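One chain follows as structure tokens, the form predicted alone.
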């Protein structure tokens, strides 16, 4: 059929036949949506004649302007019936899912990307009068949900929307929506009776397939069902063929339902590119002999970009880190002109200041800031959350012509592009593949037309691509919670055992067995040493200057004390070389965090340390004194090598390599500033926040319980929050970032769990700052 269409044979007949099939069977045949995309692309006049009828039979009523034919009128009646039954302008898929959610306590479903799940959830959230918990697998998806909810409920500031569990702003709150990861779920149970939760939306629920995260997810599901048995639980997945597995594994067989929706709403055209950089049309649905349809007559991507199209390139973090992506896609990057829009430039400037990059090509030069100025976005999991949020705004506002992204986009983030180019096929499961190509041409209510996207892959991957796109993806109908953990790595046994036996200490965020080990007297001296040496006589943390003035012996003893506490909560008494290296760097960064340094200040301190700033300054001082000329100074500075710093990874991890972040022998003049930004964020996030904070804070709390030494609680606040100020801690608990606290403390007269009382200084705030606090005024 496709070859006939490309040769302009019987095009309209094929189009009419597909519309008839969609009318009788629904929009469920993938091949049909490939054909529709070709007809719309190559024969728009023919397609236009039938487009409205196609939109009707697909059930995309929100795209219809008016109903002209008898068949369209029949579908308009269908639309009216849906609205009468649900009170909403849903598609048939959305209506079916909505009715099941209303009528059942447990509902598990699967739907392709662009099926309208986000709209369905928005409608569920908008009108209820109770609290809701939304569970998603990533912080990037949390950010997307939070932004969407803020826009959806911008006129109703009585709804508290938080990316963590806190009972705050009580006097001004009528209901709450928490958007959390499974890891944050543990915070719910110590406050669960303070809320009126009647709905749990468990989005991207296929996370249950992960080893440890899957166990945490399953444990959370079972605990919420035990604590709140009457609350509804809704599981949503993309492209899963057996969503009933979520019900089976937890025994949710009463008052439950499940459904797999296979309805398509967007067409796809598939292109391959060979080593000579020539494009060919291909179909993954045809036999190997017929897959290649024909050569493309021109560089389609180039033409699309020249006509304001958008391109998402799925690539590896390695290529982003070593800037290879700049070379691989140079011809397309060169097509992007410098942005002049003021909003776009203000976003870029905001991001530049956040990471502390220089404005010109100096030593703190950022490539991704340079790229943003040309409308090119970078997106991956090691970008600081604030930077990612700014980058996602940049994309959503339409300033990004090209986006280079890693797997962070696979987890449901709604950033549609005209073209998805898969440059990295490593670890590409059928589910990941379908999720990824779903980003190409995602449907929107703004366009009253059938939409399609283009997918580009390397020619050598055509067979694998075709096989995986045809594969069904099933999730297990048993939980790891029920399996033997004796074969797990020792470092995983604590968490696995606690999940299985429900022996968590929710207050300390540790397992009961870890708490018992931290009660040991073996680390009491270490805690005392930390308190005696890191807090001054006024119980404030010593300054960076005071810390640096300590001898290496004392600094080493402080690091050893933190290391001993960390080891104490493990099932072993030593760390590997790789773990020790990461811990050593993390402790230095944590000390800066304790001293209240901002993210950009910490990066700047690391940059100075790694590039031997003092040594470089000394060389330049010799130039000033006439001992050296500039050429000699340049040679001496270029000969200085970047200090070793290991790649940050969560610990414990006995398999961790002692690999350097910057290649050994790298001159200080060639340090990659962007890489330093990503690396520092990973230390703060993966190592300090996820690995160190809980055992150290737990040990400090246990020490306080035993000795009533108030300094332990003060130090605990510094480790957890970076401050001991009650006002600043409350601001952080309200969800404000550390970077905003400096100006916030000036406008807050009073803050507690009940409310924030602002002073008259808020009248002097600019629009951006006013928007930030508007939900609490």
Partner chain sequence: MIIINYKHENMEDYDKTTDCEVYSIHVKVDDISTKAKQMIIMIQDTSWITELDIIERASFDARAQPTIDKLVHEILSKVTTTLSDDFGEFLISVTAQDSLELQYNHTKVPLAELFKEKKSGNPGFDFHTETSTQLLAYGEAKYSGSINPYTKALKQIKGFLDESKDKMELTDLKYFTSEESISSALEDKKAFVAAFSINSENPSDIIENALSSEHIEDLLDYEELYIIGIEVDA
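Remember, predicted model here, so these are calculated numbers, not experimental data. Positions refer to the first chain, counted from 1.
Heads up, the form predicted in complex with the partner chain isn't pictured, but that's what we're talking about next.
Although the partner is absent here, residue 734 sits far enough away that none of its heavy atoms falls within 4.5 Å of the partner chain in the predicted complex. Residue contact check for residue 92: one or more of its heavy atoms lie within 4.5 Å of the partner chain in the predicted complex. Using a 4.5 angstroms limit between non-hydrogen atoms, residue 26 touches the partner chain in the predicted complex. With a 4.5 Å cutoff on heavy atoms, residue 75 counts as touching the partner chain in the predicted complex. The contact residue chosen from 128, 212, 690, 81 relative to the partner chain in the predicted complex is 81, the criterion being a non-hydrogen atom within 4.5 angstroms. Residue 259 is the only one of 259, 634, 172, 396 with a heavy atom lying within 4.5 Å of the partner chain in the predicted complex. Only one of 42-50, 746-754, 712-720, 726-734 lies within 4.5 Å of the partner chain in the predicted complex by heavy atoms, and it is 42-50.
At a distance of at most 4.5 angstroms from the partner chain in the predicted complex, none of the three residues 526, 595 and 706 contributes a non-hydrogen atom.
Using a 4.5 Å cut-off on any heavy atom, none of the residues of 550-582 reaches the partner chain in the predicted complex.
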